[in-house]
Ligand SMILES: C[S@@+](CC[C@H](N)C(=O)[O-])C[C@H]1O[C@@H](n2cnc3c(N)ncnc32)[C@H](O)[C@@H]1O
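Presented as structure tokens, the chain that follows is alone, the form predicted on its own.
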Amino acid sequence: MILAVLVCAIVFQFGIIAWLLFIKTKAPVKAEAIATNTPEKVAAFYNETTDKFLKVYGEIIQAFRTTNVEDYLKYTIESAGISNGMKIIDAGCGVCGPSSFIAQQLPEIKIDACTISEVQAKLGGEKLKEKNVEAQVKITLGDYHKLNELFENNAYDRVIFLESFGHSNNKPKVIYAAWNVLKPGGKLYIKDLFIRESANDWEQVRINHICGQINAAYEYQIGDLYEVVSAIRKQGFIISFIRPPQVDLTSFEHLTISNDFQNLFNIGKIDSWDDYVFPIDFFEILAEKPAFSLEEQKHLYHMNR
């Protein structure tokens, strides 16, 4: 009797294993990672950790960067098509490092910088004074999901998200808000990390797991590229490009600053490299709010730039 029970148990276990193997080979693995971030949690995270970021990253809190970070900021100005005389929003501005730099490079530009962190808003305001760019850059404390409530609608040439877009837990809402504040012909620029995809289902499971760890550590929600692009297109934007940042690899910083940050402060620290796979891709997206009504002038769609 005992032997029969053991045999049945073993057969049952093999059945479960066979079923799992079938699922592995037949069922697609969705590129997603669980995230529980909210605007309130993001605010609390940066109120608590901004001093740590500043110690390691300096004023430019971005992981994808060149060794000389000013070179990357110059690239950002060029890639986003930012020019003198424009009116732009820096959404998720940190302590206004990028905004200050852009203002110094383009003395006739006007920038509304937005952060949800009280600590960052205070420090950012101080830095604007130090750099004498207060006349060009104004910092606002607020949730970028509500850009269209914080700022004038149909008034801006650019809305830029420099590794801040991933903190959103409702990306279509952010895209809608950006659409409303942009003037016709204005452009949305996003530079951020997205979940990497693999043809190997088991590797994808590992990628998703690591992305989940990043989300939990940084109050993030790493984007699914296809879902983000779909939301941009559904809103009515015309995409100019989606690409990895066009940076010379010899000048690329290779995320050593991010590793230093993790090791120093134990935030998102990688405990073992044994089963680690690189989990993300960096992309930049530029999309234009059409300068004409797509409903009235559909034939002009292909001419939009």
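Computed from a predicted model, the values in this text were never measured in an experiment. Counting begins at 1, following the sequence as shown.
Only in words, not in the display: the form predicted in complex with the named molecule, which the text now covers.
Asker: Of 221, 76, 164, 204, which one comes within 4.5 Å of the named molecule in the predicted bound form, counting heavy atoms only?
Answerer: Checking each option against the named molecule in the predicted bound form, the one that comes within 4.5 Å is 164.
Asker: Find the only residue in 88, 177, 188, 93 having a heavy atom within 4.5 Å of the named molecule in the predicted bound form.
Answerer: Of 88, 177, 188, 93, the residue with a heavy atom within 4.5 Å of the named molecule in the predicted bound form is 93.
Asker: Given that the partner is absent here, state which listed stretch (234 to 242, 276 to 284, 254 to 262, 52 to 60) has heavy atoms within 4.5 Å of the named molecule in the predicted bound form.
Answerer: Of the options given, it is 52 to 60.
Asker: Given that the named molecule is not shown alongside this chain, does residue 125 nevertheless sit within 4.5 Å of it in the predicted bound form, heavy atom to heavy atom?
Answerer: Output for residue 125 is no: heavy atoms all beyond 4.5 Å of the named molecule.
Asker: I'd like to know whether residue 196 contacts the named molecule in the predicted bound form, with contact meaning heavy atoms within 4.5 angstroms.
Answerer: No - in the predicted bound form, heavy atoms of residue 196 and the named molecule never come within 4.5 Å of each other.
Asker: Since only the chain is shown here, I'm wondering whether residue 171 would be in contact with the named molecule in the predicted bound form (any heavy atom pair within 4.5 Å).
Answerer: Judged by the heavy-atom cut-off of 4.5 Å, residue 171 is well away from the named molecule in the predicted bound form.
Asker: My question is simply whether residue 82 lines the interface with the named molecule in the predicted bound form - judged by any non-hydrogen atom within 4.5 Å.
Answerer: Close contact is absent here: in the predicted bound form, residue 82 is far from the named molecule, nothing within 4.5 Å, heavy atoms only.
Asker: Out of 93 to 128, which residues reach within 4.5 Å of the named molecule in the predicted bound form, heavy atoms considered?
Answerer: Counting only heavy atoms within 4.5 Å of the named molecule in the predicted bound form, the contacting residues of 93 to 128 are 93, 94, 98, 114, 115, 116, 117, 120.
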